[in-house]
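First, one chain by itself in structure tokens, the form predicted on its own.
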């Protein structure tokens, strides 16, 4: 029996990479990652290789059922260069978490975008809807726009076996969010990218685009989009000591620039100190503080300083692989 394998990867465009995919037909496939062969593609068409030496290699790293096609699977891949080494665009290869000690929960925000009006769904062609307030977790046609797409995406993610933990309408009209959690940084990144892929593909059938930019409405009084990164390791989950948390949080202070460099393009437009963000020029943390760079969840304090932290700075277009990699590096650098 013929099986369709949809190989998915990230291209080399800067400052923001895009998803690419192509279909491979195989026979007698049993549904395991080990059965997925490496494959090649034309890197000269994706900003990943010169025309004179254009082959790049796709290395399968994650597989799940394709919920929208018969006899098909989605295969997330790393990109290797022609020598078999991790390509410079390969953020997954930067993650130092082979023992899956780090757990990540990403809160992925995005706008559903009308290509005809070049505005979010719910925005009239000639102006703007009413101010923010009624759209967050909204119900009803006056305030919720694009629910059919969002619900179809949720079902597709669940059918694919992705660990989606919830969805909700966000603060701005036409803005939505889904959350994915995984025990292991690499798999958390894999699942976010596959979920993004599914959302893009579903949008095609509705003629609706997905706008991942962190501030697509500019500096108007509308919220931007983030990808808040909730993270923990064994130390954070079992510390039982505020001082341990303080040392880890302070380890982030001297490396702000390193983090901002991979937290998504144009983040200066979003991290203004307004709309539940800290200024990109500052570093702060606080209990239950959504205006801080890193929020200490009330849950963590109530559990006796055993839990997780939320870095609120990554934006909606950031690469979850690179976000996880730099967070892990910083946490491991803390002098405990």
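Residue numbers count along the first chain shown, from 1. All values reported here derive from a predicted model rather than from experimental measurement.
Just so it is clear, the following notes concern the form predicted in complex with ligand ADP, a form of the same protein that is not shown.
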Taking ligand ADP in the predicted bound form as the reference, which of 138, 179, 211, 89 has a non-hydrogen atom within 4.5 Å?
179
Which of 73 to 81, 258 to 266, 123 to 131, 228 to 236 lies within 4.5 Å of ligand ADP in the predicted bound form, heavy atoms considered? The stretch 228 to 236
Distance check, residue 295 to ligand ADP in the predicted bound form, heavy atom within 4.5 Å
yes
Decide whether residue 107 counts as a contact residue for ligand ADP in the predicted bound form under a heavy atom distance cut-off of 4.5 Å.
yes
Going by a heavy atom distance of 4.5 Å, is residue 308 a contact of ligand ADP in the predicted bound form?
yes
Should residue 290 be counted as a contact of ligand ADP in the predicted bound form, where contact means heavy atoms within 4.5 Å?
yes
